[in-house]
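Form predicted alone, single chain, as structure tokens, below.
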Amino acid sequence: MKVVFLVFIFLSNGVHAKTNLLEDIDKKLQPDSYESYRKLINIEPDGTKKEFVLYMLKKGKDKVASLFMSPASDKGRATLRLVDNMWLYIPGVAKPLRISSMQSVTGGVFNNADIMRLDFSEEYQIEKQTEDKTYYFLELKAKNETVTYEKLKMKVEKSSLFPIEIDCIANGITLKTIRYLDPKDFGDFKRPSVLETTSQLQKGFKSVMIFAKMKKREFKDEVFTMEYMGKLGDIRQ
């Protein structure tokens, strides 16, 4: 009986450690509630670039909103994510439009789920974990079928708990690889300031996401509603 009890404690501690690791990675990447600016750059095979600047807000584990600042043709558009539900607001259109996680409001390799990412621990659990002296190697499994990628393979630096590289997998196919680059001190915390992605399905295309002016900030729940999407610019400081 004593042996069984000790085995139970050992297994429980192992599961707890894996869960905590993913939560700790989330905490290193972003505060619970924050605002930031992001520049998204889509690069085509011939070198042509298209750039977007977004004002981003996040609250808790399941609320994300963004406002397009540029280019002029997209200025005033807004997106909203509540758990797995996403909407696009277009000025002059009566109601926000429902959008899917696999679509891309910017037309690049980053899809809507990448741009409006929730905490990893909210959507995934660790299925397998190995390590060497420098890195953790994690295989993550989606908690339910609504999550965009059914699996992620994540390489994490032990000393910082920053992801280095993530393979995004669906239907057994690696759809894209996201690299986390250029750690930067944002005052309240430090995190990689550049995400770069390429896709095996979009040969020669690349998208880059650059974080700027990221800081902790509290928001009321009403900010993350469809009724507020056209007013997101009012709360910029």
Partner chain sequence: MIYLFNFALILFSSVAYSGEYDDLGFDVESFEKKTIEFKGYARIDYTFLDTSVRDKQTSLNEFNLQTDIDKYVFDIHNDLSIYYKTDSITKESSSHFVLNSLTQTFGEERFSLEVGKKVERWGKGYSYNSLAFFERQKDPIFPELAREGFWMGEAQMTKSLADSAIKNYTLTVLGAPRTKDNDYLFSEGAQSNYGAKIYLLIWDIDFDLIVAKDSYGTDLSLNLVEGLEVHGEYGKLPNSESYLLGFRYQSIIDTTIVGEYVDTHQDGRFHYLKVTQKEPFNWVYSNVYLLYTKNTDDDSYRSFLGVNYDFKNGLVLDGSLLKNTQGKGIKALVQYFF
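Here the structure is a predicted model, which is why all the values come from computation and not from measurement. Positions refer to the first chain, counted from 1.
Heads up, the form predicted in complex with the partner chain isn't pictured, but that's what we're talking about next.
- With the partner removed from view, the residue among Leu152, Ile126, Met116, Ile99 that has a non-hydrogen atom within 4.5 Å of the partner chain in the predicted bound form turns out to be Ile99.
- Within 4.5 Å of the partner chain in the predicted bound form, a heavy atom is found for all three of Val53, Leu82 and Glu222.
- Of the heavy atoms in Met226, some are within 4.5 Å of the partner chain in the predicted bound form.
- Shown alone here, Lys39 lies within 4.5 Å of the partner chain in the predicted bound form, counting heavy atoms only.
- In the predicted bound form, the partner chain sits within 4.5 Å of a heavy atom belonging to Ser159.
- At the 4.5 Å threshold, heavy atoms of Lys28 stay clear of the partner chain in the predicted bound form, well away from it.
- Of all the residues from 53-73, those having a non-hydrogen atom no more than 4.5 Å from the partner chain in the predicted bound form are Val53, Met69, Ser70, Ala72, Ser73.
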